[in-house]
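In the form predicted on its own, a lone chain appears below as C-alpha cells.
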C-alpha cells in the first residue's frame, strides 16, 4: 500500500493517506486517548449527477436516485447491515447531498469489526422489486416531511430559482413523481456507474492503528464496473432572482444565493470566500452590528459554500424582519469592500480566528470526518486546507471579493 503521512500545520494533527491497490483512497486521522472512533465511506455520487454513459448508451438518472441507493444499500439479500452495526453498539447513519453520498458510524468499542461492516454496505447491492416498491412509500413520506421544515423549504425554493430544469433545482430526495420512475434496473445501473473504487474515499478517526484500518478497507472487493461520466454544464437562471412563499413562521426565514461561475474549487479559494463573508457580516462586523441595532437581524447569519457537479454557489442564511433589506445591505457592503479593499492586518486577524476554530474543531471527531469528506470529493486533505489558510493574503481576498458577492449573481428566497 502506498502511504503518505501529512502533518497539519495549524492543528498539529497527523493524517495518513493510503492509495490502495483497489483504487480506494483512505484517510486515517489517529486521535490517541479518544474513547469514540468513527469511520465514513464517501462516494462521489450525489443528487447533482443526472446522466452517465455506459457502452455507448446515455442513461438519464431520475431525481432522487442517489438518495434512494443510500437507503437501499443497508439491506442485503439475507441481512440488514444497519441492524448488525446497531447490535455491535455502533451508531450508524448516512446522508446524500449534491456531490456525494456518505455512510458512517461511531462506536466506543469494536471499531475494526464495525469498519468491515461499513465496507459491506457499499459492496454487493441487492435491489429487489418488492424492496424497491416498499422503499418508495418511505421516501415519499420523507419528502412530504421536508415540506414542513422552513429552513429546508427556503433552500429548496432558492435552488429551484437559481437552477431550474436541472438536478440542482430538485430536492435531493427527489419528488413523488420522480421516485415512481426508479426501478431495480436503474439502481443497479447507477451503482455500477458510480460506486467504483476511484470514486470512493474512506475516512477513519479515533484511537486506531492506521495500517490496520487501511488493510480492512483494502480487503473489500467492489463489483461496480464504472461508466463514462458526462460533464455537467449547469447554467443559472437570471429571468427572476426573487421568490417568496407563505409559511407559518414567527419570523421570515431567508436564503441569499450567489452563483460563482468559473470558481476554481480549492481550499485556498474556499477559505478566502468564507473569510470575505466573515469580514463583511460576521459577528464582529459593522454591518452585523448595524442590522442588529435596527432589529433587522436577531442572530448571526450562516454561510455555506456548495460545490456541486457543474456549479458552485454560496448561501447566506438567516431570519429577519426585513429579508430584502438585509440582502441589499450585504450586497452594498460587498460593493464598498471592492473599492476600499481589505488590509493585511484585517486578514491576519481573521486567519488567527480561523486557526482557533480549527484547533477547537479537532476536539470533535465528527467535525474532522465531515471536513475531510468535503475535501476528499475535491481531491484534497485536511493538511491542504490548513496550508491554504496560512497562504491567504489580502491580495487574494481582494481579488476574490471583486467577483464573489454582487447584485448580478444574487438571488433571494424568503419564507414568511
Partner chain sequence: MSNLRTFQISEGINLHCLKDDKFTTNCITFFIRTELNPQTAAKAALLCRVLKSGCSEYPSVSLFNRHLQELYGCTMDLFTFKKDCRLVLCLNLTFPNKTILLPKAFAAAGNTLLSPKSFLNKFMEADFSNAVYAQSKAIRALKDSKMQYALFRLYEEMCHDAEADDVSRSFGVSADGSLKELSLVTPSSLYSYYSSLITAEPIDVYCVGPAGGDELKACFDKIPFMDTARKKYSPMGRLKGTNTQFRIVNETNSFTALNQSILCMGYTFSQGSVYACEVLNEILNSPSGLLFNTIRQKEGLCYSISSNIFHNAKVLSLCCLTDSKNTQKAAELIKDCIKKSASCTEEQLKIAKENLRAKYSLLSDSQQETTGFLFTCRLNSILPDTEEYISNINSVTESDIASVISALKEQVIYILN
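Residue numbers count along the first chain shown, from 1. Keep in mind that this is a model prediction, so the values were computed, not measured.
Not on display, but discussed next: the form predicted in complex with its partner chain.
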Between 120, 142, 128, 241, only one gets a heavy atom within 4.5 angstroms of its partner chain in the predicted bound form; which residue is that? 142
Position in contact with its partner chain when the complex is considered in the predicted bound form, options 109, 328, 175, 183, heavy atoms within 4.5 Å: 109
Proximity to its partner chain in the predicted bound form (heavy atom, within 4.5 Å), stretch among 159-167, 276-284, 209-217, 256-264: 276-284
Is its partner chain in the predicted bound form close enough to 321, 352 and 359 that every residue in that trio has a heavy atom within 4.5 angstroms of it? yes
Spell out, yes or no, whether the shortest heavy atom distance between residue 310 and its partner chain in the predicted bound form is within 4.5 Å. no
So, residue 89 and its partner chain: in the predicted bound form, are they within 4.5 Å at any heavy atom pair? yes
Looking in the predicted bound form, any heavy atom of residue 138 within 4.5 Å of its partner chain? yes
Classify residue 33 as contacting or not contacting its partner chain in the predicted bound form by the rule of any non-hydrogen atom within 4.5 angstroms, answering yes or no. yes
Pull the contact list for 285-313: residues with a heavy atom within 4.5 Å of its partner chain in the predicted bound form, in sequence order. 285, 286, 288, 289, 292, 293, 295, 298
